[in-house]
Every structure is written in structure tokens, then in C-alpha cells.
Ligand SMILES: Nc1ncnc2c1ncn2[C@@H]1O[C@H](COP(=O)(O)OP(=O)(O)OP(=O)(O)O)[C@@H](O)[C@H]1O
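A single chain comes next, written as C-alpha cells; it is the form predicted on its own.
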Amino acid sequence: MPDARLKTIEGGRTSPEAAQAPLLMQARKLSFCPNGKPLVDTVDLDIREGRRLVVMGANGAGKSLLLRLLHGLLPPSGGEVVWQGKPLDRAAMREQAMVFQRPVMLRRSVIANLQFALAVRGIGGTERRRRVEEALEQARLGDLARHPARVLSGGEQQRLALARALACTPRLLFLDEPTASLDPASTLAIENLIATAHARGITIVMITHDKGQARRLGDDIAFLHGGRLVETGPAARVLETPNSGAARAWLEGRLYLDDLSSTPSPTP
């Protein structure tokens, strides 16, 4: 039986593959309400191991805030994040990594950025050297290893940020619009790195506004509107025949206005 948490508000279903995958993380009635305003509103969401979950929605829907809450970068105003049946803690966060839309580069060389990330995780010696060499090769940054990371192009910086995250071998990788504003060649390079991560069994939660990218990289889609989760389901189904009015309007390029106060919450 599909998990009820993965049903959409308006009757969608998850795929059999997603239902069979073990739970890795859950959001339970997760909310973020600075100054009393709900920017993320009672979200229930399951993240299943080895799956690629794409988070979509209009600007201001709460997508980036949701990822930061799930990763533990923001304290929730209500609800909780659960990692393998237990409240999210620092040990669980060390099994995750996050790459932002604008990559954060240390004032160091490319290779030193990689070395630092691994040192923070307590990885040293031969293993650290092996991982750095592998990351440089995968990201095609070997020729730039001694260059200052902050002088790289936007696409090169994003490749480094993603390679740096993957070198730490996370179980769960959060990606906040990792190809926004990149040219097609850089986008392809990033998508190839994401595909490599997925092939290794890494669970991926990714924000994108690109419907084509969602089709290429997504197994499942979670659609946010006004801070609420209004639809979840298999990527192909949500993109082709969305059940919620908000998702349908956004995918068709139309403005969607409704009374969010009357929208029911997902069935727990």
C-alpha cells in the first residue's frame, strides 16, 4: 500500500518504487513562521532512500526555506524533522550535504576547498588524498586545482561545490537550484554529477524551476504553494497531469490565486 503521507491533497499517488523504498527522512507538520507569518506551513513529507525528489513551485512558495529546515540550518517554528525514526541531530546532519544556488567558496585554492571539507569530516591521510583526486577528476577541475576558487567561472564554482559535497559521501544531498543562471554546457556538467551521485545510491532532494530538468532528474515531485505542500507524486504524472490547481496553473504559466486558509492539510 502506498504511504498515505505521499498522497497529494487532491488525490495523487506515489509510485510503487517509491512506496517500497525505505524511509530516510520525514517532515512532520513542519512550519516556519517568523513574526507569526507562516512561510512554511505544516508540511508533511517523506524522503525515501535512493530516490530523487524534485521540489517545485513559484518564487516565494517556501522551497528554499523547506530545504534549510530539513537540513537543520533553520530551527522550525513547529513540527519536526525525523531522520531514520529519530529527531534530526548533528550526527544526522553529518550524513547530509547541501549545495546552494550561489556556491560558497573559501578564500583558498580549488584543491584546498576540497581538503578543508574533508578535514572537517575527520578524513585525512591517504583517504583524503584519494577523495580529492577523485573529486577533481569527476568535476573536470584537475587543471584548475591550484587556482583560487573565487576566480573560477560560475559553472566551475558550482562543479566544485558539488564535487566538494560528494567527496564527503553523504547519504542525502540537498540541491537548491544548482543550475540557475548557468549556460547549457555548465548545466549538463552539473546534471552529470548529479546522475553520478544518484548512481552511487545517494538520496537527492533538489529544487528546480526547469520542467525539462525535473523530467530528466526527478523520480518524484513535491509541489509547494504559499508555503504548503499541495501535491506530491511520481514526476511523470505530476508534470503531465497535475491534480492540484496550483501545480496545473504554474506548469501552464498561469497565475494561480486561491484562499489558502481553506486548503486542507495532507492526510497524515
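It should be emphasised that the depicted structure is a prediction, and the values quoted were computed from it without experimental measurement. One rule holds for the numbers: they count along the sequence shown, beginning at 1.
Absent from the display: the form predicted in complex with the named molecule. The rest refers to it.
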- Query: Are all three residues Pro34, Lys63 and His209 in contact with the named molecule in the predicted bound form, where contact means a non-hydrogen atom within 4.5 Å?
  - Reply: yes
- Message: Quick check on Leu39: any heavy atom within 4.5 Å of the named molecule in the predicted bound form?
- Response: yes
- Message: I'd like to check something about Ala236: if you look in the predicted bound form, is any of its heavy atoms closer than or equal to 4.5 Å to a heavy atom of the named molecule?
- Response: no
- Message: in the predicted bound form, is there a heavy atom of the named molecule that lies within 4.5 Å of any heavy atom of Ile202, even though the partner is absent here?
- Response: no
- 64-72, 45-53, 210-218, 236-244: which one contacts the named molecule in the predicted bound form at 4.5 Å, heavy atom to heavy atom? 64-72
- Item | in the predicted bound form: members of 163-180 within 4.5 Å of the named molecule, any heavy atom | Glu177
